[in-house]
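Shown next as structure tokens: one chain only, the form predicted on its own.
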């Protein structure tokens, strides 16, 4: 228990160091936050103009799609904020910095997580929260305890899945010494196509995002419950079921650590 407390305390210390470093350049920080907000805002505009032409997509209204997109954008932003160390892990491997991590008396994952913390992603999070509030007001959904709990589960499940994808990306670097860009299909790509319920892309995509990379477990199925399209209360717990994806990601990471060979830098 004491070891866990000290690890958490150390991780918080890592975060505070990163924040203090960013605050040394306040103008740069606020410009980056604004940039993150504006980049995501262009996606919002594309959705806005599309729904000016079409009233719904596969039966989902504009406000319901906003709920869907804002949730997945918040999930991705949270994962990128806290798991940014995995996203830039290839630099650590190529530079030999991971060698120093291995000889320290702390877990490798916690140290990599603490190596990078992107507070600038708060710009995207702010936009996600704004879209979510608007979606709540415009959707006409009756909000009760189960609805609020579903949203909380969607945020937890989505953040875990995206963090697991970043962990997989980092694990591959043990063997390639460089990040593979195709992984962006499952991270940044998911953020883009996740703005709409995954079922609109066809049955094969829905099956893939249910049983392989479980986007739909924290996006599509709980949305059915929120919007009243299904009364099955089990759908609200599916986002927690998506957390299973962290298990193969951790197994791949441990496999990579066992077979790690220094880059020689």
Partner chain sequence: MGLQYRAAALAGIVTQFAWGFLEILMFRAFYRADASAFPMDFSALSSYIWLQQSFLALFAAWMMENDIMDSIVTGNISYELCRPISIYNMWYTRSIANRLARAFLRCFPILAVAVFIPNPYGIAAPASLLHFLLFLITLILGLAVTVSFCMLIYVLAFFTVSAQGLRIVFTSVVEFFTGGLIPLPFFPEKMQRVMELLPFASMQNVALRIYSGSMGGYEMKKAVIIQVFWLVAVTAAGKLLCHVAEKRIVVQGG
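For clarity, every value in this text was computed on a predicted model and none was experimentally measured. By rigid core we mean the largest C-alpha set that fits within 1.5 Å across both forms. Positions refer to the first chain, counted from 1.
Note that the form predicted in complex with its partner chain isn't included here; everything after this is about it.
Using a 4.5 angstroms limit between non-hydrogen atoms, residue 56 touches its partner chain in the predicted complex. Taking the partner from elsewhere, residue 201 is found to have a heavy atom lying within 4.5 Å of its partner chain in the predicted complex. Its partner chain in the predicted complex comes within 4.5 Å of no heavy atom belonging to residue 107. Residue contact with its partner chain in the predicted complex: residue 185 places a heavy atom within 4.5 Å of it. Note on the interface: of 37-45, 217-225, 66-74, 236-244, the segment with non-hydrogen atoms within 4.5 angstroms of its partner chain in the predicted complex is 37-45. For the stretch 187-205, the set of residues having any non-hydrogen atom within 4.5 angstroms of its partner chain in the predicted complex comprises 188, 189, 192, 193, 196, 200, 201, 202, 205, in sequence order.
After superposing the rigid core, the C-alpha of residue 26 moves by 2 Å or more between the shown form and the other one.
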